[in-house]
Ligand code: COA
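Only one chain comes next, encoded as structure tokens, the form predicted alone.
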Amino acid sequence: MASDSAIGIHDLSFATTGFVLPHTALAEHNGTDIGKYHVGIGQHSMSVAGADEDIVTMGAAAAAPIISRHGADQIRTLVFATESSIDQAKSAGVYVHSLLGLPSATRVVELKQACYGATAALQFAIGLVHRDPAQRVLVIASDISKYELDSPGEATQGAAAVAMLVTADPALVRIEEPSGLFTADVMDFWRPNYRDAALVDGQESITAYLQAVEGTWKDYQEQGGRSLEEFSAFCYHQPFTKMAHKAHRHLLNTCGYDTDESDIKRAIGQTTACNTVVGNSYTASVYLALAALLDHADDLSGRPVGFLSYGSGSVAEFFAGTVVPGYRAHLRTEAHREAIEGRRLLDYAAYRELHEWSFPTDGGDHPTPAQTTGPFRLAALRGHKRIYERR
């Protein structure tokens, strides 16, 4: 199943924002029964970005511990996956490259396809390492999901960045061949250039996601992939936590199994720990699920994990990875816990103020209030240029 030269995720680190809104505050504002959030969609809180935070500051914060541990000498490529892009031309990764002090002899590119982009980045990285096994590729997935106030999608907002170092002979997860692929032109979720918030057809999105689960699995089997019974756990893209339950139930049904809730919980239960409290992180979501699984599960050494990456519009991929024996020595469990627990609690009024905050578009000098305490901050917009600071 795995290729001769093992390539995969050597290190993984995530970051989120400085603020958090509990769903109890949202429910109190709009008169919703809290069960609709806690049980119905499986969400308890969501990360909210400060005025001095964006995908660059989160991406740099996620990647900095990787550079600190491994150095940057063999990193010749940085791939930045996002659907919250800050510029139509310049890659957000170029700003991160500067903040991290990476060598000038580096290729940097941004990839986009809704929430699927990070998996494209991972596969791109694997191809580069196949070609030159001495090379290491830094993959960053960073997103802030934002919907209009009082819209149906508001409760599924969130923000996070995941950074992964992709190498030969990885310490965490060996990514296997083959992949199951699926693309369909659907309008379930999109964001035109003239809008800050995405447009969503919620029911269409669920239908399209489940169609993609079926399509990728069918192709994965046709390509000679593993049987369902071999997998110890499944990491799904989680626009909201309950979607992973729906997706796995659909996969079991597709394979002719009854949908026992305890089987679903066993397969995905530990992958939802971060998403429940961080919210939807778009491209980072499926790899945040992996971080949660590795940080919380019993020893998974030598065991296969399934990945279902879905991006609206829609493109999806199913693939497998085998957890490397000894992986636990390389985890960042404590740092990840601190990233989540260190967020400052917002009340609804403060959240609403942050939600509505934006830079003027006149190209003037607009400093941002110093609201957060992370290692990097968005300091200003000056002459149409974003100014970042390393703390």
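Since this is a predicted model, take the numbers as computed values, not measurements. Note that residue numbering follows the sequence shown and begins at 1.
What follows is about the form predicted in complex with this ligand, which we do not show.
- Contact with this ligand in the model of the complex holds for none of Phe234, Gly256 and Ile264, as no heavy atom of theirs lies within 4.5 Å.
- Within 4.5 Å of some heavy atom of this ligand in the model of the complex lies at least one heavy atom of Phe189.
- Although the partner is absent here, Arg69 sits far enough away that none of its heavy atoms falls within 4.5 Å of this ligand in the model of the complex.
- Contact annotation for Leu128: none of its heavy atoms lies within 4.5 Å of this ligand in the model of the complex.
- When contacts are judged by a 4.5 Å heavy atom cut-off, Leu111 does not count as touching this ligand in the model of the complex.
- Partner contact region in the model of the complex: 304 to 312, out of 304 to 312, 72 to 80, 166 to 174, 317 to 325, criterion any non-hydrogen atom within 4.5 Å of this ligand.
- With the partner omitted from this view, the residue of Asn193, Ser104, Ser227, Gln203 that lies near this ligand in the model of the complex is Gln203 [heavy atom within 4.5 Å].
- This chain is drawn without this ligand; in the model of the complex, the residue among Leu345, Val39, Ala350, Ala335 with a heavy atom within 4.5 Å of it is Val39.
- Along 70 to 94, a non-hydrogen atom within 4.5 Å of this ligand in the model of the complex is carried by no residue at all.
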